[in-house]
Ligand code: FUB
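In the block that follows, a single chain appears as structure tokens, in the form predicted alone.
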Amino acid sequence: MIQNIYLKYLAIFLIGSSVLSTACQSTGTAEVENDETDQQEALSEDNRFLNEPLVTDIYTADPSAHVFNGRIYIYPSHDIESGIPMNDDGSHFDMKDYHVFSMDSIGGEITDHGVALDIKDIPWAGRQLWAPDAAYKDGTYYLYFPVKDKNDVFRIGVATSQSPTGPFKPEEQPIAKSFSIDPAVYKDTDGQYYMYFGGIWGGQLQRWATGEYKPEDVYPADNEPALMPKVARMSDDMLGFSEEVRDVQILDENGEPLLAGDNERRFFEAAWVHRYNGKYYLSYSTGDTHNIAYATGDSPYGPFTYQGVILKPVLGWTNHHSIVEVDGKWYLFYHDTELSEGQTHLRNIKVTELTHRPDGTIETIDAYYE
């Protein structure tokens, strides 16, 4: 019965998503609201979730997980009830601060270390703190965050602390030449750090197609290459980029860039990179089709060749994750909306084990079980 309900939900959901993505240049308030209602109706209380929420007293999302000094630290978004009507530009995701969480082991007790950074302490910020990430180098912890500046343009900022839990002190200005959302910082085996970022629709990536910000939303045609995530090597002080930002190419099985109309596979937001057995894995959200997909390559710059789906759609409109190795095992941190019963902007973080097969491919995870 559980599987039948889920399949019914998925069919309704993907049909609705296809319609929404075709009309993505027009406002999508009604479509997103209908999408959420379909989920709530199709996912009845008979459904059983694969994993329990890690945090239940506040709403959390977009978990970036790291192991620092043998302890697991999670840097998520902090969802709140903003009172802003739902829209596909994401205005209802109007977060004000970040909390940091930690635990000794997967399944262990989780600690909320309180507010690590508040929007009111960021001099250049306007509104909407979205998904952050963190890094460590030479005794300093770095918190990277997207927030709209006072002109309502998303930029990426950085704040520093001597503790992984903060409080973090933000820089006076955003990172030069940064834009859009979802920063994710990867440390390579040679000690170099790279930032991946970008997100379409509300993430504004489509407004930077010419290299300069234009307020109009212009998307590629379905038969043109999709918008790609961005990457840049970090400067030695971790406060900026040491090179020009470049595209991260995601290719199909024939070596051609994924097309904008390939909604099941093309990039939408939430880039993340990990390395396994000498290969680089770029994982990301397909957005309006709600998969966490992945592609592999031989360089942190790519190109990356599409391989498949890591996580199938979850309850809730968004999907955002991180992948981390803990004590020799790999784990996927993600979110859904179990606690709020499907309210898109009120999410909760979860974790589940991730398996690399002997050939390097990743086993697909279903967020529900029978």
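Note that residue numbering begins at 1 and tracks the sequence as displayed. Keep in mind that what you see is a predicted model, and the values were worked out from it rather than measured.
Not pictured, yet referred to below: the form predicted together with beta-L-arabinofuranose.
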Revision key, fill the gap. From 184, 258, 293, 181: within 4.5 Å of beta-L-arabinofuranose in the predicted bound form by heavy atoms is 181
Study note, to complete from the structure: If we test each of 318, 51, 343, 307 for a heavy atom within 4.5 Å of beta-L-arabinofuranose in the predicted bound form, the one that passes is 318
Check your understanding: Quick check: do 88, 263 and 288 each get a heavy atom within 4.5 Å of beta-L-arabinofuranose in the predicted bound form?
Key -> no
Practice item. Spell out, yes or no, whether the shortest heavy atom distance between residue 130 and beta-L-arabinofuranose in the predicted bound form is within 4.5 Å. Key: yes
Point to revise | 4.5 Å heavy atom contact, residue 195 and beta-L-arabinofuranose in the predicted bound form | key: no
Practice item. Using a 4.5 Å heavy atom cut-off, state whether residue 77 contacts beta-L-arabinofuranose in the predicted bound form. Key: yes
Review point. Does at least one non-hydrogen atom of residue 93 fall within 4.5 angstroms of beta-L-arabinofuranose in the predicted bound form?
Key: yes
Check your understanding: Which of 93-101, 214-222, 110-118, 246-254 has heavy atoms within 4.5 Å of beta-L-arabinofuranose in the predicted bound form?
Key -> 93-101
Review point. Can you tell me which residues in 328-353 come within 4.5 angstroms of beta-L-arabinofuranose in the predicted bound form, by heavy atoms?
Key: 335, 347
